[in-house]
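Just the one chain here, the form predicted on its own, laid out as structure tokens.
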Amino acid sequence: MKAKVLDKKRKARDVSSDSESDDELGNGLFDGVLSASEDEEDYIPSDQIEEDDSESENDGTEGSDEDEEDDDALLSDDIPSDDEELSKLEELEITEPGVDPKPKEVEEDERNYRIDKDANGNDRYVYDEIDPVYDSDDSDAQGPVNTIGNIPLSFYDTYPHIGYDINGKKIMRPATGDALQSLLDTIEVPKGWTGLTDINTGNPLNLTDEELEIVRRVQMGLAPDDLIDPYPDTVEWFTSKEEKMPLSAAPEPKRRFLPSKNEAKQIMKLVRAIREGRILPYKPPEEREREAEEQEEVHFDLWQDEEPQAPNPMHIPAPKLPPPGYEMSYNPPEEYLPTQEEREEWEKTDPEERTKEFLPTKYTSLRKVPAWGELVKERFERCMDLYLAPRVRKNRLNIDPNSLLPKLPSPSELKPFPTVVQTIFRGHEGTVRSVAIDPTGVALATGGSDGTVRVWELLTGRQVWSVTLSSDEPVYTVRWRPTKDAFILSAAVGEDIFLMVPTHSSVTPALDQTSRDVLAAGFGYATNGQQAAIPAGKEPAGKWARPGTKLEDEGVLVRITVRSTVKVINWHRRGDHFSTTSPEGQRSSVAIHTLSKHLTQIPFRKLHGIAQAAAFHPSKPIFFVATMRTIRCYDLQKLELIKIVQPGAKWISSIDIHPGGDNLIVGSYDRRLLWHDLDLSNRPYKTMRFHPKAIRAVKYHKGGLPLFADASDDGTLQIFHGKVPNDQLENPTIVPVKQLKGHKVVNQVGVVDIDWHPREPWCVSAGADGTARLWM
């Protein structure tokens, strides 16, 4: 005890010494350099330190509390007196000499605990619950948390509480109102109301603003977090990745450089809907309701700011009423007065159907004329006519119709093309149904309705060879074999196809023998039995035989008999295959013949429509078959359909393939000429109508000149300049350059067939007037 008193006195001296040293050190930065423990060690001996430690152990927590109080007391500038020390000593209870005094016992009313007995009978100190004293505005204050875990609340239906909190206390069930209060709660739904019950408290579960925002974004299909970007920048991986080897070396098709028509239609459909107001941006219901409230009905005064306007060119005065006539006079002539029958008929007629709104009436004097009863109605209708029929001055546009036409090159710049007839070939009786120029360009073959095939010199018009194939059936078509190694002509008469070697001055004996060997090679192939066996009872697609001694002496060497009448023959570019078309043959209407094997094949089990023409692609193994309305393209290697071209014509008459293979022209009996770009679309690129009657034949120039022509029943030929550019981004140039007239129309049939010279810009036509003409 004495040591504590000395310690307090030393501290008081330290305070006085510190106040004296402040004057010497001034404003030096020494505050807090030494701790209090170091100051005490300088002034207290070690033996007194040991005594203080032992006393502090005996005193326990009470001694430490007193030290804190003493330290607080010494913070003042006054030094404690002896009376104050004696008063503090009186608060301690003296027990025995040599033992430290104990503090007096605290009264039971001041204790913050009570003493109970535990289960073993021992004393148990129960302290009062600490009240955190949360204010009502504290958002961190939470209610009791239910700690029942996964146990359902239905287990507590028979109890007044719904669980226990973290301290083990019961959480009482919240009070429920009567039926009227429940009804009011359902009517006045608070913000964030869900209709669910919180399992922790039993109270209604309401959502916060943040949770409501998440629910709204999920319902709208958005990301729950507004920080997520739903449209991030595209990582162009394939653009940045450079491949050394291309996937395909084929040139890019033209359709990849043209905008999609389907997408353009869809975009215009959406644009039209936006302009018409059928598609509106999304607005929340609250915003729409607010806008509806703001849009109040507004009435405008049309004549509020009306001012007299000066006459100007755009001002149109109202039309004046016609002046009154004799029937409106108060004393009209007798011929204007109605009779009794006319008056009764006028009264029975409906007012809207009357020709006149009044009946002429005669008065003896002007002062006897009554007031006009329909004056107000008449003035009102006059005002309505002026209001509902606004007057607008329209300026007429003076536009030259020729300026609206597309600018095409002049025909004089597109020469050469045929313009005049140079030679007329006469000799057939009846219609000349087909013409063909041989691959060398020196001979012309014609076939007519008289059943004969004739060969002419092209330039002189002299007939050099003729043969009669039938006396009752016409020769529908004649076609030369397209190679120059043989001089072979094919002709179709009824169900027979004849292959012949005509006589001509340009044919040498070696060429003649080579041609005969080509036709005879197939007989040896068939004799060796290398053809596929035909099942018993089944008719072969084509019978290859010799026509007879009489025809063989004239140069006709092979006859092929098929199942129906052949109308079209088309040769393959290599000369070993040719196709025939029989519109009446149904399944066997298209047949492919192999010259070297004397073999006839029917490639289709079933055709969709009546076949009109067939053609081979000039450079690819593709076969075109034209029915009445469509053109089907087949791959002969894969044996599959690759494209269906739809010209849109009612009845296709003929087709021809461009030497490049990417375009074709179609002629139809409904007077239309259609150009198709096969890489662009299945629909026609251009439709032309230059003939008042049906188009019988169309043909491209195969010698490299940009020309094509058509033949019509009106007796004319239309020559076109059709240039196909090598650049796939450019469209073909189609210009009509010349109309050739010369053939006569017989029985409503004009020009039947047409063919081009293999090198020169010359064409040959066959007409129903019995002539063939060479145009140069």
Partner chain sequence: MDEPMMDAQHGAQVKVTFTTTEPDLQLPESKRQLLVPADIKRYGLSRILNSESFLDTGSIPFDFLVNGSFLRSNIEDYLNNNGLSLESNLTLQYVRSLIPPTFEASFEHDDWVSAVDVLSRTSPAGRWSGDSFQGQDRILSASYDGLLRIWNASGDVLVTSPSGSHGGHTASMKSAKFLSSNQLASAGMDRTVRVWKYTEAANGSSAELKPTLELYGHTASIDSIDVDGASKRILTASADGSIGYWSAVKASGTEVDSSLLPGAHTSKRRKVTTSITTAQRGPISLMNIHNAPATAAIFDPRDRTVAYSASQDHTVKTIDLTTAQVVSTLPTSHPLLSLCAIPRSGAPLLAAGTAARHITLVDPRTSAAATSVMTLRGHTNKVVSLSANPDNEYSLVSGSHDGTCRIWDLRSVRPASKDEGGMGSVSEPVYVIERESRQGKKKTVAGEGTKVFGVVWDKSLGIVSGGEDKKVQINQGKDVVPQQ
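Quick caveat: nothing in here was measured; it's all calculated off a predicted structure. Positions refer to the first chain, counted from 1.
The same protein also has a form predicted together with the partner chain, omitted here; what follows describes it.
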Spot the stretch among 154 to 162, 668 to 676, 475 to 483, 414 to 422 with residues whose non-hydrogen atoms come within 4.5 Å of the partner chain in the predicted complex.
414 to 422
Gln637, heavy atom within 4.5 angstroms of the partner chain in the predicted complex
no
Residue-level contact is defined here as any heavy atom of the residue lying within 4.5 Å of the partner chain in the predicted complex; does Arg354 satisfy this criterion?
no
Consider Asp553 of the chain shown here, and say whether it contacts the partner chain in the predicted complex, taking contact as heavy atoms within 4.5 Å.
yes
Is there a non-hydrogen atom of Thr460 within 4.5 angstroms of a non-hydrogen atom of the partner chain in the predicted complex?
yes
Of Ile569, Ile214, Ala694, Val507, which one comes within 4.5 Å of the partner chain in the predicted complex, counting heavy atoms only?
Val507
By the heavy atom within 4.5 Å rule, which residue out of Thr194, Ser619, Thr565, Thr503 makes contact with the partner chain in the predicted complex?
Thr503
